[in-house]
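Presented as structure tokens, the chain that follows is alone, the form predicted on its own.
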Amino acid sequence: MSPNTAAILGLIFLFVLMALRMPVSFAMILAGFLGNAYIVSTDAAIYMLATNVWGQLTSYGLSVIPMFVLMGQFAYHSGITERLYDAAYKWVGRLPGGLAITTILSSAGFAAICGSNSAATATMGTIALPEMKRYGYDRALSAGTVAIGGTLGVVIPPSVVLIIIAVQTEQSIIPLFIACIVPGVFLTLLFSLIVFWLCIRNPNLGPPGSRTKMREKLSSLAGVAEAMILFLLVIGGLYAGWFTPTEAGAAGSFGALLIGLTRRKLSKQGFAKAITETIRTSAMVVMLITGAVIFGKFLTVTRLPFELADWAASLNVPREAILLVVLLIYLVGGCLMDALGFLVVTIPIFFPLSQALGFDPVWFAVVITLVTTMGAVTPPVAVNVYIVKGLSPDVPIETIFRGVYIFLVAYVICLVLLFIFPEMALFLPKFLL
């Protein structure tokens, strides 16, 4: 059997294991181990398994993941999210669809100190869904707003997905973080405009809230200041060279902890839950990366990614056409399985292809982040939708999907603009770094 045939069979075996509901990380480890045993030798596969698992679990570079996750957990349990929501509502709640816009803006604010779409969805859903129900908001709009707002947790830095891409493609994390700031802000603006447009057309979807005095608006900015301080501490510290990525996450975690203790909002139970959730999430992500490295070694030995890249580069078609096919694969794959799992499986295949086609690695990372994120709200996986369903059991799942679909237009617009104007993602890293 040729190495390429072995690689294709290994990919089929991997997807069969995932279809049988084996966790993605373990499926990649098993498929990669068996593939290496066949191509090289069993002894070499055992040695590679041991060294790679140990190497990933003891990697200083991966220590950035628990630090950023811990920052988000401390921020949530310290009440920063609630104060963000309160501030956003006081400023835009009077507008048509004001509470839904508040949810979008608060999701963006929490994303800047969180890094996870599921965490952002669960956090904002807990706060926003009861409020929008109390004010008589349309159920599809309120549920869709929470689900789509949660996706900003992956786009706006710091982002766990961007960290994984940086680790797998051996890029610096800092340019990726900076490159996603403009697309993240742009998506936030588009989401808000879509809500405003829907509620202008049909005021019954999202009735305006009560008027707030300017004094109350100004006093509410203290809640925004906390989140901004954490964001600037992390991103500003990285840019200024004060911190390594791990140190930046640690500084942000300490800052969020200090805010919680100063305000006396972080209880013993909240502290314990923050630690527990950080360990659980970090273990999941690190095991995903470990599995991706082992399976990636197998693909490297077969040379399938490089031969695929050479073949694609030799085709007499525009490189943009090939990239569109790749992005379509990411979109469909993100719909059919866990988007993060699909991402770590495919990066070893498609990143060399993107480089052979001459695309900027930072730009490519931003684009696949946006496409992969759409999988969090598209069926059948749609983890954000199911989180909202769990928070609102009385809302039919089809109603939530109906509320989400209109917002996907914003992702399409953002991707089209990134294709036409790559500098939308690249100018800020070039300017600052």
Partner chain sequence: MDLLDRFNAMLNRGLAFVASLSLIAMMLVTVGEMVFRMFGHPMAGTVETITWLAAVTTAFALGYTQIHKGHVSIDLFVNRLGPRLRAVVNMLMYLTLASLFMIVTWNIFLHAGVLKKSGSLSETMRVIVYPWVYLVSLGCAGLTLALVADFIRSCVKAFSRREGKG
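Since we're looking at a predicted model, the values are computed, not measured. C-alpha atoms forming the largest set that superposes within 1.5 Å between two forms make up the rigid core. Residue numbers count along the first chain shown, from 1.
There is also a form predicted together with the partner chain; it is not shown, and the following applies to it.
The partner chain in the predicted complex comes within 4.5 Å of a heavy atom belonging to residue 30. Contact between residue 295 and the partner chain in the predicted complex is not found at the 4.5 Å heavy atom cutoff. Using a 4.5 angstroms limit between non-hydrogen atoms, residue 22 touches the partner chain in the predicted complex. At a distance threshold of 4.5 angstroms between non-hydrogen atoms, residue 286 is in contact with the partner chain in the predicted complex. This chain lacks the partner; the member of 250, 108, 312, 162 within 4.5 angstroms of the partner chain in the predicted complex by a non-hydrogen atom is 250. Judged against the partner chain in the predicted complex with a 4.5 angstroms heavy atom cut-off, the residues 127, 234 and 325 are out of contact without exception. Contact annotation for 45 to 82: residues with any non-hydrogen atom within 4.5 angstroms of the partner chain in the predicted complex are 46, 47, 49, 50, 51, 53, 54, 57, 58, 59, 60, 63, 66, 67, 70, 74, listed in sequence order.
Positional change of residue 361 between the shown form and the other one stays under 2 Å at the C-alpha, relative to the superposed core.
When the rigid core is held fixed, the Cα atom of residue 60 travels 2 angstroms or more between the shown form and the other one. After superposing the rigid core, the C-alpha of residue 285 moves by 2 Å or more between the shown form and the other one. Pairwise change in the predicted complex: residue 363 and residue 242 C-alpha atoms lie farther apart than in the shown form, at least 3 Å. In the predicted complex, the CA atoms of residue 289 and residue 374 sit closer together than in the displayed form, by at least 3 angstroms.
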